[in-house]
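Next up is one chain by itself, shown in structure tokens, the form predicted alone.
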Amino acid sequence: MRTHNSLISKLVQSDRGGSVLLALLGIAMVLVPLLNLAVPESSALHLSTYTMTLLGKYLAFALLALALDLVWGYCGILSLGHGAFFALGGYAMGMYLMRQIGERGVYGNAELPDFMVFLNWQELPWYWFGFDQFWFAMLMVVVVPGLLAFAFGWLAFRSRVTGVYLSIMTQALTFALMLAFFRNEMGFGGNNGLTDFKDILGFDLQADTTRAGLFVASALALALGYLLSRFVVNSKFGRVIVALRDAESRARFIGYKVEMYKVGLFVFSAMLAGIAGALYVPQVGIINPGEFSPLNSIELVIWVAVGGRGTLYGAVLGALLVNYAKTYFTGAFPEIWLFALGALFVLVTILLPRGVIGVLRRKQAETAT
């Protein structure tokens, strides 16, 4: 236990940006629920449940951006399909939440979700078994994205597919899954997806206390995800990964099994994305095939690019900044948001190739000299 604590201390001390991130998350875990639950609505300091839920959603997106930064920023794998792993984790959580509805559904069927009754399904599909248990659903949140990432990565990396070809393949993967999940025959709710959730672990999902708990869970998952990612990056495994990014041919010539390192990182990243999806679903109240959209994965790349790839905490910052801007502009100027997003990506690529964190580091270096 003492060794574990000292290891975390070393990681935090050697990473100033990460230390700031973890400190802010710690403050948020205490302050946000307190302002919502303990401060009366009449007070100017009260934080609405809507805002708290929105912040929780942002944190889930930040964990997803962290997952992408691992493979893109440190290994040079530009994945345009990480939205697929996020959506699969979300569907695993959604299936658990659907099983918890029971007889409270519109059709009052204790075994079948409403959409299955509507479509005249006679029995629960085999792949829905076990999702009435929270532990099994949480296991599937990481296992299903992990297995898909392993299968895809093993085939792609063994074939030495890299660069733009790999990016196109990852985008094709998420597009194929989106088309599949749109089909009613798949048994995942088709176009409407999974929704009308009632409770989680026996707690009412509409209650403020439950919403506060989900926010804390999101912040805690992001903090732990960051520490695990930083540990991976600082380890010998992480140093080899960076070497693969900078000189893959040389690393292969030396004798490193390049494919195994890439697959390992890709699987770990997919699992983090699945956890992000599982945290996202109970807070927004729905999961549908639209989450597989390739556009979502492209937007995810923009989050990481804006914050600064190859830093981890930069990806978190980018996710928070872009999603806040999206919330504001889609309300104030809904017609131009997509154009603004595209312009943002172009400007960042040209003017801020290292993102916001790169600019801050450059200014800090100039001040020091």
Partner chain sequence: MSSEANLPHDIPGANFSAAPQSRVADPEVLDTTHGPILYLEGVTVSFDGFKALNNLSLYIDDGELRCIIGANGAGKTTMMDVITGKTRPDSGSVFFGQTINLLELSETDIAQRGIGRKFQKPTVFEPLSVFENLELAMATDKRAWVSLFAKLTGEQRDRIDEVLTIIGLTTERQRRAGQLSHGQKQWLEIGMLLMQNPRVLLVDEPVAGMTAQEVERTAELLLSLGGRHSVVVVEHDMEFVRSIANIVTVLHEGSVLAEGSMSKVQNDPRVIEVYLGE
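Since the structure is predicted, the reported quantities are computational estimates derived from the model, not experimental observations. Residue numbers count along the first chain shown, from 1.
Note that the form predicted together with its partner chain isn't included here; everything after this is about it.
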Partner-free chain; cross-checking its partner chain in the predicted complex, the single residue of Trp154, Phe231, Trp121, Trp128 with a heavy atom within 4.5 Å is Phe231
Of Ala221, Leu173, Val240, Leu166, the only residue with a heavy atom within 4.5 Å of its partner chain in the predicted complex is Val240
Answer among 202-210, 241-249, 144-152, 182-190 for heavy atoms within 4.5 Å of its partner chain in the predicted complex: the stretch 241-249
query = in the predicted complex, does Lys236 have a heavy atom within 4.5 Å of its partner chain?
reply = yes
Decide whether Phe115 counts as a contact residue for its partner chain in the predicted complex under a heavy atom distance cut-off of 4.5 Å.
no
Point to revise | Any non-hydrogen atom of Phe253 within 4.5 angstroms of its partner chain in the predicted complex | key: yes
Requested in this report: Indicate whether its partner chain has at least one heavy atom within 4.5 Å of a heavy atom of Tyr261 in the predicted complex.
Outcome: yes
